[in-house]
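A single chain, nothing else alongside it, follows as C-alpha cells in the form predicted alone.
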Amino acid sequence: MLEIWVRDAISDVLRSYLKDIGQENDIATLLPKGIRLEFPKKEGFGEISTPLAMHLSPLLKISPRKIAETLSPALASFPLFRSVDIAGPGYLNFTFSEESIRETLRKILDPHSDLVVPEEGKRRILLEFVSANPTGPLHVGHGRGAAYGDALSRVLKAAGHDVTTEYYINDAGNQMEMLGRSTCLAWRKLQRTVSESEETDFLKGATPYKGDYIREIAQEMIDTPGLLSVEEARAALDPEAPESSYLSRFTEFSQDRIMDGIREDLRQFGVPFDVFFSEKVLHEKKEGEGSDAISRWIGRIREASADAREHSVPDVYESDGALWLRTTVLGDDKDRVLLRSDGRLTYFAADIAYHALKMERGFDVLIDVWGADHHGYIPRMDAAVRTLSRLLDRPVEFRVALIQLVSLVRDGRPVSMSTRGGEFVTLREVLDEVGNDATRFSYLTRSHESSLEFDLNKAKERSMDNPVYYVQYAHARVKSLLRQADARGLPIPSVWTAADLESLGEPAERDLVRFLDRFSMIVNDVSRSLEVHPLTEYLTDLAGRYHHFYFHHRILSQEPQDRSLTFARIALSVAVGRVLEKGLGLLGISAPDVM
C-alpha cells in the first residue's frame, strides 16, 4: 500500500511538472515500465527511493538534479512523507510520516482486507501443470511441479486473475500400449513360467515398465473375479492368441488404477485441478465431423499457410513425403514434422491441436509447466501458438516454466533416484515420511529453474533450523501471545483504530510495518514473474524479523502506564500473524495456532 501511495503521489506531481514544461508525452509514454521504486539497503537514504529523475533526464534533456530539485518540494507537501531528500545525481529518498505508517498498519489489520491489491487488467489464464504420464505413480520430481503449479495458481488468483488449472492426461500412443503389455506380462508371470523368447516377442523389442506397482496391478487383476472374462483370460495366457482379444483390457485397467493413484496423491498433497483433459479427446472423431481434432487443426494450418510467409508466421510445406511446419522462422533450430511420410501424425501435431483447443476456450494466457528435459520443445511450441494466434485472429500469451530436478538426501547421503527397473522414490513416500507442509515448503524454497536438494532429515525436524517450522512457529507465537493477552483480561478489538496505534514509533516497529506492507508487492511480483520462491523468502524473512522483535521488545507489559504501548504492539503482532497466514495459504501450507 505504501508503494502504491508513493507512486500515486509521484504521478500527481509529475503530471503537473510535465504540463509546466510543455512536455506533450504522458507518463506512460515516457516511462513504459512505470515508476521504479527501490528499498535502500543503507541507513540515511530514506525508507524508499526512486531513480525517476535519472530516467527522465535523457528524455527531457534536463539534468537529473534539476528535475529532482523541482519535484522534491511538491512531494514533500504530501502528508505521506516526513521528508523528501535528494541524494547523488538526483535520487529522491522518501521517509514516511508517522501518520502514514499507522494508516498502513490499520489497513493491514482491517479484517475486510485480503492484504493483496489486485493487479490492473484481469486476465483469463490456463495453467497446466504436473501432467505426468499415466504409466506410473507420481515421483518426487512431479511433486515439485505440483507444489509450484498449485502455489502459482493461488498467487495468480490473489493478484486478481481468473485462473483455470488443468492436468493433461497423455493416455494415447505407444506408451499406453506398452503399459498394457507390461501389466499383461507381469500377469502371465504370476500364473506361469514365461520364457525369455516369449517375453521378447511379446514386448516387440521395447523396454517394459517395471516396478512393484506393475506387479500389484497384475495381482489385482488376478484377484478380482470377472475383471477379465473367461475368454479374455484364456487368450491372455496363450502366446498364439490375437492380442486384440485381450490387450486393451490390460491397458485400460492399468491406466485407470494409475490415474486413481495419481488423483489420490494430488488430493493428499492438497493440489486440486479444475480440469483433467484426456489426450484421447484429440483422436476421437466427433459426430458430424469427418476427422479428429488433430487432423482438423493441421488441415486448417495447411489451408492458411499460403499467406503466412508475408507475416513471419511459420508456414507448412512438404518434403521427403512428410508435412513440415517451418518453425525456424521463429528461432527453432530446425523445422518440425507434423505428418510423417507413412501418414502417422506426430506428438507435436497432437500438442498443436491441444493448444488450439485451449485457445478456443477463450484464455488470454497459456502457462505450461514442464520438466527440465523439455527445454528444447519451447521454441517449436511458441512457434505453433503464434501460428494458431494468427489463424484464430486473437493474440495469446504463451509462457513455459521448466521444473528442474530434485535430489533427495538422508543422513547427509544421497537417496537413490534411479528410475531404471522401476526403482524411484514416489511422492506418496515423501509425504508419508515428511508431511505436506514441510514437503511443499522444501520444494518452494528455491527457484523452479534451479536444481533442488531436498534434505529429508531437516524437513522432519521440529526446530528453528527447519525453515517451515521457523515460519509456522512465528504464526503460532502470535496466537500464543493473543491467548496470554486474553488470560490477562486484555480485550482484543475486532476493529483497530489509528488511536490504538499511536504509541508505535520505535525504528524496529516502523521497519516491521514497512516490511509487512511489501507483502502485496511481493505477491504481484510473483504473479508477473512466475517465480514463487520470493514469497517463501519473504515469509522466512518476516518470521525472522518477528522472532527478533519478540525477543528484544516487551509486548505484554504488566505496568499500567505501558497499556497503550502493549495494545499497539499486540496490534503489530496481529498484523504479522495475518500476513503469515495469508502468505502460507498462498503456498498451500497451514498456519497452525499451536506448535
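We number the residues from 1 along the sequence you see. Every value quoted in this text rests on a predicted model; they were computed, and no experiment measured them.
Keep in mind that the form predicted together with the RNA is missing from the display, and what follows is about it.
- Of the residues given (274, 411, 162, 320), 320 alone sits with a heavy atom within 4.5 Å of the RNA in the predicted bound form.
- For the candidate set 124, 334, 285, 267, a heavy atom within 4.5 Å of the RNA in the predicted bound form is found for exactly one residue, namely 334.
- Although the partner is absent from this view, residue 395 stays clear of the RNA in the predicted bound form, with no non-hydrogen atom inside 4.5 angstroms.
- Using a 4.5 angstroms threshold between heavy atoms, residue 91 counts as touching the RNA in the predicted bound form.
- Of the heavy atoms in residue 386, none are within 4.5 Å of the RNA in the predicted bound form.
- With a 4.5 Å cutoff on heavy atoms, residue 245 does not count as touching the RNA in the predicted bound form; it lies far away.
- Taken together, the three residues 15, 70 and 506 lack any non-hydrogen atom within 4.5 angstroms of the RNA in the predicted bound form.
- Exactly one of the stretches 403-411, 75-83, 249-257, 210-218 approaches the RNA in the predicted bound form with heavy atoms within 4.5 Å, and it is 403-411.
- Residues of 532-557 placing a heavy atom within 4.5 Å of the RNA in the predicted bound form, in sequence order: 533, 537, 544, 547, 548, 550, 551, 552, 553, 554, 555, 556.
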